[in-house]
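Only one chain comes next, encoded as structure tokens, the form predicted alone.
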Amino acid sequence: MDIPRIFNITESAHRIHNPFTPEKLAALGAALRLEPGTRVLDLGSGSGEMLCTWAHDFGIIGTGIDMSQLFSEQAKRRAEELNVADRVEFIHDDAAGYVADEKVGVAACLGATWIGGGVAGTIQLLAKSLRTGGLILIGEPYWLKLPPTEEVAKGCQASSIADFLLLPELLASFADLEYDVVEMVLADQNGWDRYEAAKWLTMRRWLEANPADDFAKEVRAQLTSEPGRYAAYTREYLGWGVFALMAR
């Protein structure tokens, strides 16, 4: 069980697998007013940066689930590096359908709402692990401005314009699901640049180290096309944010 190999290659040097910077992640933790001992569940936890830094900075107790064996191993090493391995646990597993044995104060899915078949389904899944009065965190893209054509939307790596909403519409959609939006922290342009551009050096280094690998042709094609695609499409049209929700 693992994620597609291209992601394990392109994001192998990432600590955060979304457009958040460490500063944004810290700002989110502070905004949520996390108390020591708060239990946090993170579905699609990647390399564990959120849980590890929040355990270090705020004293939370965390469990992360991720399908990438590489990222799960990196998360465990990060926990040891920050001396929080006794406070956070990382499980290499499919997060789809995962429900915590013990109710948590914060249930999160940042950038992996496919695990619940979309935003609504992921909120429903997270709610099964949440204690009464707890917070749900959803990390989700939104359109900064509507793409003029479906071709432009596909250039943003969406399947269609309908995949995402404008920010006001996304916020309204949470209300339609009977949730209050009680906080949000949005990625900025620097965060997007750091997330996307860092992949390019990683790909180049991988190609230099693995010239005979059968996968090299695909990595080379992506390295060639990605800078231009990102600048023309994602950078211009796509936003990303984390939204804190409480059931009404």
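When you see a residue number, it is the position in the sequence shown, counting from 1. Small disclaimer: the values here were computed from a predicted structure and weren't measured.
Below, we refer to the form predicted in complex with a small molecule, which is not included among the displayed structures.
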{"query": "Proximity to the small molecule in the model of the complex, single hit among E89, D94, E73, E169 (heavy atom within 4.5 Å)", "finding": "D94"}
{"query": "One residue of G134, P147, G155, G111 in contact with the small molecule, assessed in the model of the complex (non-hydrogen atom, 4.5 angstroms)", "finding": "G111"}
{"query": "In the model of the complex, segment of 204-212, 59-67, 219-227, 179-187 with a heavy atom within 4.5 Å of the small molecule", "finding": "59-67"}
{"query": "Non-hydrogen atom contact K24 with the small molecule in the model of the complex at 4.5 angstroms", "finding": "no"}
{"query": "Partner proximity in the model of the complex: L238 to the small molecule, non-hydrogen atom cutoff 4.5 Å", "finding": "no"}
{"query": "Heavy atom of A79 within 4.5 Å of the small molecule in the model of the complex", "finding": "no"}
{"query": "The small molecule contact at I3 in the model of the complex, heavy atom, 4.5 Å", "finding": "yes"}
{"query": "Candidate site I16, S45 and I115: all three near the small molecule in the model of the complex by heavy atom within 4.5 Å", "finding": "yes"}
